[in-house]
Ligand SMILES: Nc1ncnc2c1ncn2[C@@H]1O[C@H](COP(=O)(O)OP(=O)(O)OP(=O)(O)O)[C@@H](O)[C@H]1O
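First comes one chain, alone, set out as structure tokens in the form predicted on its own.
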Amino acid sequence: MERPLQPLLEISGLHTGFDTYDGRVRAVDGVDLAVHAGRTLCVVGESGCGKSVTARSILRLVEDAGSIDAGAITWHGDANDGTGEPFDILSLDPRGKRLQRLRGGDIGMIFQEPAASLLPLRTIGAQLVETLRIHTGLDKKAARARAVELLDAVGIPDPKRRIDAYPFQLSGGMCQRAMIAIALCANPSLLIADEPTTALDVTTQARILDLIRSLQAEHHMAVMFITHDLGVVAELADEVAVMYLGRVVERAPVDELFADPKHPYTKALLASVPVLGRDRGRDLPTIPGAVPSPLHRPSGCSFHPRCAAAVAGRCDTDAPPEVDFGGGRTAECVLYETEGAST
């Protein structure tokens, strides 16, 4: 009998903001998400939509100027493996051992900027070995041998020599691969990957995606993959969450999202993807304007100033309802109020 899919992580009503000289910025504005064991959730959207802040909020890694203002982030991993009960990550002592075990142990994270995440005065090997010893209990010799294997697995050439290199001695792409090795070293139950292949060439990108997929299959690992590359989404995702200005505006299984996108923003994103031979000789469709500043949110639906389907007198004044289409599909849009159960 197939093991039922269980949620590892549930995010409910998450609000994260930052204090600036111009006022409080709502970077994440009421996000609800669930990540399930053995499944990949891809979070997509333009830069500035709150994807990375949502990911950092999970591990309480929001910068000093920011804070999590409301919501719950419930970890079910201990209940799923029979070692404990679900708990709210936001209730943990920020300096306590349980949160430390989550970071890099139960939950691995690949950061978007490896240069800012790797310690510049410690070798790549020292950082890998330390993480392995903390979270796996290996002795120093075994941890170093495992570190060499991980560096080789993520495509770093001559790993036995490179293990003693400092981050400044490696290219940006190699630092990214080293960051991926650190995130994967404890075989986490959940891997959060914040645009992990951005700095890599196409061949290495494919190798990293294959590595994540193989580890996922081997360990029943959940993956939360943040990207703006819809080609990666089509290849990797089971479910997709589309974010715009701090909110999830559409959720759907990946095949349904590509076959029948609901939200006008999702439709615009998919229309802007070039297809070989389809639009030859014609300009590629674009989304007019840019993501507004969170300091100056449009009234009503945040997307309405850029939306070709906006309804005057509704979209510019009223917050859009979340419409539930069933089967894991939702969209925040007035165009579908009569098609589903408004939540």
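Being a predicted model, the structure only gives us computed values, none of them experimental. Don't overthink the numbering: it's just position in the shown sequence, from 1.
Heads up, the form predicted together with the named molecule isn't pictured, but that's what we're talking about next.
(request) State yes or no: in the predicted bound form, is some non-hydrogen atom of residue 52 no more than 4.5 angstroms from a non-hydrogen atom of the named molecule? (result) Taking the distances in the predicted bound form, the answer for residue 52 is yes, it comes within 4.5 Å of the named molecule.
(message) Taking the named molecule as it sits in the predicted bound form, is residue 315 near enough to touch it, meaning that at least one heavy atom pair lies within 4.5 angstroms?
(response) Contact with the named molecule, no.
(message) Is it the case that residue 308, even though its partner is missing from this view, gets within 4.5 Å of the named molecule in the predicted bound form, heavy atoms only?
(response) The answer is no: residue 308 has no heavy atom within 4.5 Å of the named molecule.
(request) Consider residue 58 of the chain shown here, and say whether it contacts the named molecule in the predicted bound form, taking contact as heavy atoms within 4.5 Å. (result) Result no; residue 58 lies far from the named molecule in the predicted bound form.
(request) Answer with one of 228, 103, 213, 144: the residue that has a non-hydrogen atom within 4.5 Å of the named molecule in the predicted bound form. (result) The option sitting close enough to the partner is 228.
(request) Name the residue from 37, 27, 31, 41 that puts a heavy atom within 4.5 Å of the named molecule in the predicted bound form. (result) By the 4.5 Å heavy-atom cutoff, the listed residue in contact is 27.
(message) Given a 4.5 Å distance limit between heavy atoms, list every residue of 20 to 49 close to the named molecule in the predicted bound form, or none if there are none.
(response) Heavy-atom contacts to the named molecule in the predicted bound form: 20, 25, 27, 46, 47, 48, 49.
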